[in-house]
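Below, in structure tokens: the form predicted on its own, a single chain.
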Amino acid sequence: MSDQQTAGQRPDEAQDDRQDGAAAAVGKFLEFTDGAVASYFESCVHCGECAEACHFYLSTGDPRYTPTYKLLPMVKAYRRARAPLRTVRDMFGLLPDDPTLDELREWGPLVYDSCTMCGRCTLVCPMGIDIAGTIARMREGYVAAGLAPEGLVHATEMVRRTTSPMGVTAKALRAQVEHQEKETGIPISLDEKGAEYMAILSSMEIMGYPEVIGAYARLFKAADISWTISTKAYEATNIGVQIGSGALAREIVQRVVDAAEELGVRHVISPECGHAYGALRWAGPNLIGRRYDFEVVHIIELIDRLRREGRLPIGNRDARRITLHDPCQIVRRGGLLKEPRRLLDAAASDFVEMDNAGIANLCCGGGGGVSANPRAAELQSRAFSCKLDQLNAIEGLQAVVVPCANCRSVFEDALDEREIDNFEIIGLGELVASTLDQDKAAQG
């Protein structure tokens, strides 16, 4: 539904559309205000700790970017319809009005442009409020009202047409796979039934960093495991989670599940991509309403497992001074904290941590659909300044391992914009593959 009056539409009809849009949003807000969310709204003490954790607030000093403030339209709907003592409050004229479509539209940049759902605010909240998760639910209301950003709407349309938010087709995938086969000299199977693993990739990896596919080939050949890529479900990015559409998120997860079960694989590999991992591994079974017949394993988790089993022989370690960016959805909200560090300790001789490393690390500023939202570009660039401060604090830094394709793209664009080229941005899988003992790996 458009929130603007269409040509030839009577003013009263336009007013009805605005009311319908606002009502749809409020309906979704209330649908997703369960006991947990209601307790969040009641327990917030407005201490401001979440602001000090948010890279959008830290980079601008603007109090509008205080994470709990972004929830206000959903809080208003709750206060009016669900909060305790609302009848008494109504008697004294203390109930808030439901948010109007104009108010929702005004709040849109706070809901989509200035929140990556990174969860750092959730981490520091003394009351344990899951602000990031509640923003995700709030976005469902925005989708219902037709108020999602144009960039994310376009990405959604591309997913429905091609399965990829960037419009990457199976033909494009095949071309990139063929190129990597020539580069590595290793065959890469597509749609192979009975393979042990099925790898899924993000569009950014396929088109922007196809060397990731070659790294997989080298690693899995060395470890002597069988793997394949499905031409029906090669896309990992879950735009449904980012835009706020549970139905689309479910459809994308189901596509992967169907392909994995059709091929009869035992494991599905989630790539170096943040929200893809959370959507498939943690939310996926709930989205489709059943357990999987296979294990979901993150590529970092798998490489670490294979290395600890002695199946990935490390040769000469990378001698550069290297640090690690912790992708929010993989580390803070995904739990993969030790695995990337074990791999870096094995593959790099001068690995150093940045300030606030680990679960408290700062977001790159482009997750949660922000990087796919052109409206947010200037704010995203300002938010990256927090990450740049972390990098500049490391003397002699030569490379940054960024194990998320979206984060990696954000890093590269932000550094190019600032004309900074004194360190390289690389993926973790590629680094490990480049440090394999080639003689032993060839025997795999």
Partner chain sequence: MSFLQIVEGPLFWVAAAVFVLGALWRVGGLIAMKRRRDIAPPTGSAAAGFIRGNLRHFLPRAAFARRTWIHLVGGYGFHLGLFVLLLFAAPHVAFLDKRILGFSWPALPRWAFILVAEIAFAGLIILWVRRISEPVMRLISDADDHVGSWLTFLVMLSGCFALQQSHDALRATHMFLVDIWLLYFPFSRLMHAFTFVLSRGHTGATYGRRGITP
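Residue numbers count along the first chain shown, from 1. Since the structure is predicted, the reported quantities are computational estimates derived from the model, not experimental observations.
What comes next is about the form predicted in complex with the partner chain, which does not appear here.
If contact means a heavy atom within 4.5 Å, which one of 124-132, 262-270, 207-215, 98-106 is the stretch that engages the partner chain in the model of the complex?
After filtering at 4.5 Å, what remains is 124-132.
**Study point:** Residue (of H179, K193, R342, R89) lying close to the partner chain in the model of the complex, criterion heavy atoms within 4.5 Å
**Key:** Of the listed residues, the single hit is R89.
Considering V26, V410, V401, A53, which brings a non-hydrogen atom within 4.5 Å of the partner chain in the model of the complex?
-> It is A53 that has a heavy atom within 4.5 Å of the partner.
Would all three of Y112, A144 and R375 be in contact with the partner chain in the model of the complex, where contact means some heavy atom lies within 4.5 Å? No.
Is there a heavy atom of P165 no more than 4.5 Å from a heavy atom of the partner chain in the model of the complex? Contact with the partner chain, no.
Query raised in the report: Is there a heavy atom of K171 lying 4.5 Å or less from a heavy atom of the partner chain in the model of the complex?
Result: Taking the distances in the model of the complex, the answer for K171 is no, it never comes within 4.5 Å of the partner chain.
Residue contact check: G396 to the partner chain in the model of the complex, 4.5 Å heavy atom: Because no heavy atom of G396 falls inside 4.5 Å of the partner chain in the model of the complex, the answer is no.
Exercise. May I ask you to check whether R160 falls inside a 4.5 Å heavy atom distance of the partner chain in the model of the complex?
Key: R160: no contact with the partner chain in the model of the complex.
query: If we check the partner chain in the model of the complex, which of the residues in 37-55 reach within 4.5 angstroms of it by a non-hydrogen atom?
result: Counting only heavy atoms within 4.5 Å of the partner chain in the model of the complex, the contacting residues of 37-55 are A38, S39, Y40, E42, S43, C44, V45, H46, C47, G48, E49, A51, E52, A53.
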